[in-house]
Structure formats: structure tokens, C-alpha cells
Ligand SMILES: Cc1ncc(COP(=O)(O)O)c(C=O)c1O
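One chain comes next, on its own, written out as C-alpha cells in the form predicted on its own.
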């Protein structure tokens, strides 16, 4: 049985052909820990892409490692961690792995919007706030205005904005990293650039913070082949933009098909849908898994009646909706 991978928010499209050509170019240098000219060229391209100076960019083996470095940095500064919730579970797991607790500020039920009043109540310069924008797993964008960024930066000692899905939303807080001395933006090549397996992430912030945070990860942690892959992807921005366009088209098709089943999906600014279900999401996920379709479901009481479904190929999207329709019919017949 072929497995439909609709649970990890991977890209359904292959990387640019320039990726493999760049990896081939540098494969003979794998005897070295570090290839200076490769990193220099990559950072030059990334600086142009982000419209920020080289000094504001630091590299990590995936955005997960960047978040771990940030947790360690916060611990060293005695900054208490605060996260919105529901949000990216990985951040909480990374914090717990480092022996750091996380307090939560809950999003508005059902709409999953940011509640600024709640953030005001818990805000403190002795705390670091983490939020994903657009948010995972809810798929919606939480803010896209400078006033909110002003507010967050004034209330917290550090603001970490996870922009793993930036290319799908079109909004970034990165423009503010040179204006605020406590803003950090985290991004990845895993989603829009189709490089989940390469493990390349980066942090955008002011030079001082960039250097301090960089002390909490290992030297030469991004492999030569990963850097070469990311450089190839950056040199084919048109291909990335075409992938984003196709994923958005497939996402909206999938959303319409889900709504035809009588279900509600939030308006997504990512490469996945967050769908409300008439039964426990994990029950549907288990049944779909038996049919070779993997999706994400939750034990969390707040979202136990939701599923997260990655946009896949049109074939797999149709396979998912047909299987879901059959399960809903069975449930209706049993009921």
C-alpha cells in the first residue's frame, strides 16, 4: 500500500534541479568541515533574499535547532518562556528537553485569533514570547501589522516569531529586526523550497543577538551538502514561487472539497489545512492510517476535534477526501 504523507507539512514537489547540480559541485569537498566560499556565496544570496545584512543572519541545521539554541539563550538570560497555544508543539518539546518550562497564552477558541488583552496581562521584560506566524497547527496568520509588532516588542524581553510558512503568507516581521533590539525571526528551507530532508534553517535578528544566540549551537553544524542544496534552491527563486502558487491552488481545491463534506476548515496561509471534525480527530486519523493516509490529530482537549492535513498531490488530496467522505458516511449510518 502506498502511503500518502499528509502529516508532516512536507512539500509534494521535488526540489529545483539546481539543487542536485550544486550538491554535485561540492561533493568532492566533503572531506572538509567547512567550505568558506560556499557559505559566503550562500549568505550573500540569503542576504539578498531577506533584504537584511549578512550580520543579521545565522544558520542552523533546520529551524528546530534554531529554536533549541533560542531556548538555551533564554535560559542563560533567565527569560521565562511564554508561548501562544495551540501552537507548534515542537517548541514546547525542545524547551522541556532543555529543562525549561513554558507558560501558555491561549488563542481565542474556534477562530484561534491572537488575544492581545491576555498577552498584556502576562507581558513582562523578564519573559520571552514565542509565536508561529502563520500558526501551526491552526494555519491562520496571527498578525500582519506593525502596531502588533510594536505592542509585542514593548511587552516582552524577547519576541520569537517562527515564520516557517512565510512564503505562503507573504507577510514577514523580518523588516523589524533592525528596528527592535529584542525581535528574532526564525525561518526554514523545509517548506516552500522543498528541502525538508536537507535540514537548513536560519535566524534573522540584530547583529548582537545573532552572535549571542549562535553560541548555543555546534560549530559547522550545517553540512556542506545542505548548504549546497539551499544555495541551489535560492538560485531558482522562480521555481520556488511557482511551487508556492501550485500549493496554494491545491490547498484551495482541497478546502472546497472538504467544505462540500459539510466540514469547516480555517482560512489557511500555510501549506496545510486545519479542519474541524464531528468526532475525535484521532479516531479519524487512525481509520485513515489504516487506508494508507497519514494526517495529524491531537490529544489536546482544545483541539481534539480537529485534524491537520498537509496539502499533497492532487491525487493524494482526492484520495484523502474520498476516504474521509466514506468514514463520515459510516459514522452517520452508525449514528
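The structure displayed is predicted, hence computed values, not measured ones. Numbering follows the first chain given and starts at 1.
The same protein also has a form predicted together with this ligand, omitted here; what follows describes it.
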This ligand in the model of the complex: within 4.5 Å of a heavy atom of each of 129, 180 and 205?
no
Of 56-64, 281-289, 32-40, 298-306, which is the one stretch near this ligand in the model of the complex, taking non-hydrogen atoms within 4.5 angstroms as near?
56-64
Contact with this ligand in the model of the complex, heavy atom within 4.5 Å, among 190, 217, 83, 138 goes to 190
Could you confirm whether residue 114 comes within 4.5 Å of this ligand in the model of the complex, counting heavy atoms only?
no
Counting only non-hydrogen atoms and a 4.5 angstroms cut-off, does residue 164 reach this ligand in the model of the complex?
yes
Would residue 251 count as a contact of this ligand in the model of the complex, using a 4.5 angstroms cut-off between non-hydrogen atoms?
no
Answer with yes or no whether residue 88 is in contact with this ligand in the model of the complex, where contact means some heavy atom within 4.5 Å.
yes
